[in-house]
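One chain follows as structure tokens, the form predicted on its own.
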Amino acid sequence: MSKRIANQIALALLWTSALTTVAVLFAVILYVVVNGIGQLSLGFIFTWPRGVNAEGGVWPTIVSTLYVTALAMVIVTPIAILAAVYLAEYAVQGRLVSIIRCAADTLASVPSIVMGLFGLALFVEAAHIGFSMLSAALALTFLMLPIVMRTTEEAIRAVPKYIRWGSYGLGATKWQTVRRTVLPAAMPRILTGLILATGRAVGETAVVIYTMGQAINMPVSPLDSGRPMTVHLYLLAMEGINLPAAYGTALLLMIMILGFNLSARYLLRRTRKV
């Protein structure tokens, strides 16, 4: 086989794979949009569920979803960024650093249902926190931590060396260089990782169903329980009591996750231009 024919076959396979991926994505989006667009309204978004939680709106579930996601971000952000700074700027590259990176990659591959059961055993039962926003946020932290940490580490490493040398030349210490020069330069990429991790947290079901509970509450304290949108969608779909509301919830959730992903791509594009 000539190189020209092999190149054309490879190119055709690549195009077929890419178009298949896009087609499946648009098929799923179109299916959810067609079945759920009729449910979207201000009343559906800003009212409470009624009856057996099958009628009415989804406002408490939206608040619970945003609440637990924000709480998880508050917990994971300083831990992940400080760990990434240590790995990229302070740690001696050797076996310990390799073990830490391997542990982070392994943690990122753990199934979410396993993480949910771990959160149930550790935070809900062993720590006696109970079904609450805090338990769910702590469990979500384990899913988000490797994403934010590795993204931040790569962002710090991508900062050019001459920026550090210029800071040192002006008499800045190591920590002053990292805090005032390196981190601001890497911040757009760091924000991209945070947004991607947030999008994954918003779409998780197995973790929050075992740690937050299923009660329709308007959470105020981190120790309050609640029902996120993913759990509400799961219950509506599994019980089959209101499939149109399930499709409407799925569409609203998909819009939120799509918004997070588009924001990440926008920040990454801005970073590349800079």
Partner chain sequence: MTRMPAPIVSPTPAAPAPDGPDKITVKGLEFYYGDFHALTDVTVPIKSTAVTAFIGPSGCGKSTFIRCFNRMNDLIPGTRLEGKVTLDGQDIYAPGVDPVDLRRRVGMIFQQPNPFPMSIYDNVAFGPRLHGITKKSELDDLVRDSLDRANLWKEVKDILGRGGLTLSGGQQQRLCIARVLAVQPEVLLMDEPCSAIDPTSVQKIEDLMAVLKESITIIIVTHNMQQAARVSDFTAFFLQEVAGEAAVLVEYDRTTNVFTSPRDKRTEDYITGRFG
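Positions refer to the first chain, counted from 1. Predicted, not measured: the structure shown is a model, and the values here were computed from it. Heads up, when I say rigid core I mean the largest set of C-alphas that superpose within 1.5 Å between the two forms.
One more form of this protein should be noted, the form predicted in complex with its partner chain, which is absent from this view; the next part is about it.
- Its partner chain is not shown here, and in the predicted bound form it never comes within 4.5 Å of any heavy atom of Arg157.
- Interface membership of Ala172, defined by any non-hydrogen atom within 4.5 Å of its partner chain in the predicted bound form, is confirmed.
- A residue is said to contact a partner when one of its heavy atoms sits within 4.5 Å of a partner heavy atom; Ile163 meets this definition for its partner chain in the predicted bound form.
- Within this chain, Ile129 is remote from the site of its partner chain in the predicted bound form, having no heavy atom within 4.5 Å.
- In the core-superposed comparison between this form and the one not shown, Val24 has its Cα shifted by less than 2 Å.
- In this overlay on the rigid core, Leu258 has a C-alpha that sits less than 2 Å away from its partner position between this form and the one not shown.
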